[in-house]
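Coming up is one lone chain in C-alpha cells, specifically the form predicted alone.
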Amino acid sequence: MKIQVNARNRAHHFNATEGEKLLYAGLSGAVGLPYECGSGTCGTCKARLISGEIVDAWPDAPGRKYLKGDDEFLMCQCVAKTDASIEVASFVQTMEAGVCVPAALKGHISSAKLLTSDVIHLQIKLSQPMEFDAGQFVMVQVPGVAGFRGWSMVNYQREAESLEFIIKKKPGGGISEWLFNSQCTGVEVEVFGPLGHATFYPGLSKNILCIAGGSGIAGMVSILSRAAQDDYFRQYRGDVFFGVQTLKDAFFLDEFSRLRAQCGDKLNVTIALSKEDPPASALSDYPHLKFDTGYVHDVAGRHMQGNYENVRAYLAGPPPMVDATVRILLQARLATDNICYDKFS
C-alpha cells in the first residue's frame, strides 16, 4: 500500500506491506514519524485519517485516551487495508544519512538467566546483524502474546548479532509471565528497531549523568559500555545512580565494579537502596562502588549538588521516578535538551 503523510512542513511518502503497522512502515522507510513508546501507551504517534481504510489492531490501547476524534488513530497500532493519506500535527523530516534506520528482523531467544527472583537477563540471537546507538531500544513480540514490548539493549556493538535485555517480572503481565513461567530458550521472536532518542555518542563532549530505577538500568549499561570502549572517561566525568529496594534486588554489581576499575576515578557508581541501609557486606564486597539510602532521584540530587556543569542526563525507570528526577534536574537548572529519556513499556 502507498501511504502519504501530510506533516506541518511537507508531505512524505512510503510503502506499507499487508499487516505492517503504519509507524513501523514509515520508520523503515527513513521517514521520521513522531513516536515515543511504539507500543500503544503514550499517544505520541497519533495521526488523522484523511482518506483510505485502516484497521486498529488494539482498540483498547491506553494511548487512545489522547485521541480527540473518530478520525484519529495511533500509527503504532494501525495497519492500512488500502492506499491511504494521513496527517500528523508535527514537523516530520527524512532521516539523515548514517543514522540507524529501524527494520523488522527475526530472531530467537538464545539464553535466559535469572539475575534476581523477579529480574531476568535475556539474549536474542538475530537473523542478521543490527546497527544501533547506545541507549536505544527495540520492540519485541513473542508467540502467543499479543502486541510488541519495548526493551532497551544492555550490550553495545555497532554490528550486533545478538541483543541483550533485562526484563522485570510484572504480576499479570502477559509477556513477563510467559518469560518467567516457561522454557523460552530457542523460541523464535519478531524484533523491530532500533528506536529511541536518548542516545549517547562519543562526540557528545559532555559529562554523563545516568539515573535509573530497576530494569531501567539496561540502556545505561549500553551507554557506559560504549563510553568505556572509546575511553570517554579519560576526559569526561560519569556519574551513575542505580536504584533498587534492597541489596538482594540489585544486579550487575560485578559489571559496574569492572567498569569502575577500567575507567578510573572519573566514573562514579552509586547504588541507592530505598528500603534498607547499605549492609556492611556491600562495602567490603564492592569497594569500587558507593552505596546510599533513599529513593534514587533523592540520592542523585544530594550527590550531584553543584556538579551539573556541562552535563547530559539520561533517565530510565518507573514513570513516577522519572518525573521526580526531571523536577530535580530542572530545579538545578539543567537545560531540557540535556535531559534525555524515552517513554516505553
Partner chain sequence: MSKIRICNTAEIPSNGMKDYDVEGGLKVLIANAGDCYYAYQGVCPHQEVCLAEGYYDGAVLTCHQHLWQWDITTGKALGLAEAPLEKYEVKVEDGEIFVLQSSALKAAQLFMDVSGDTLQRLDSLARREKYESGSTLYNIGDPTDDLYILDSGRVEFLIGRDGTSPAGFVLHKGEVFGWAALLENQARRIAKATCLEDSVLLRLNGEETLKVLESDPASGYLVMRKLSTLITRHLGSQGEK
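Numbering follows the first chain given and starts at 1. Everything numeric in this text was worked out from a predicted model, so none of it was measured.
Just so you know, the form predicted in complex with its partner chain exists too; it's not on screen, but the next bit is about it.
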| item | value |
| --- | --- |
| Contact test in the predicted complex: residue 294 vs its partner chain, heavy atoms, 4.5 Å | no |
| Contact test in the predicted complex: residue 141 vs its partner chain, heavy atoms, 4.5 Å | no |
| Residue 87: touches its partner chain in the predicted complex, heavy atom cutoff 4.5 angstroms | yes |
| Non-hydrogen atom contact residue 34 with its partner chain in the predicted complex at 4.5 angstroms | yes |
| Stretch from 175-183, 201-209, 89-97, 121-129 whose residues place a heavy atom within 4.5 Å of its partner chain in the predicted complex | 89-97 |
| Site test, 7, 46 and 343 vs its partner chain in the predicted complex, non-hydrogen atom cutoff 4.5 Å | yes |
| Interface residues of 314-329 toward its partner chain, as seen in the predicted complex [heavy atoms, 4.5 Å] | 323, 326, 327 |
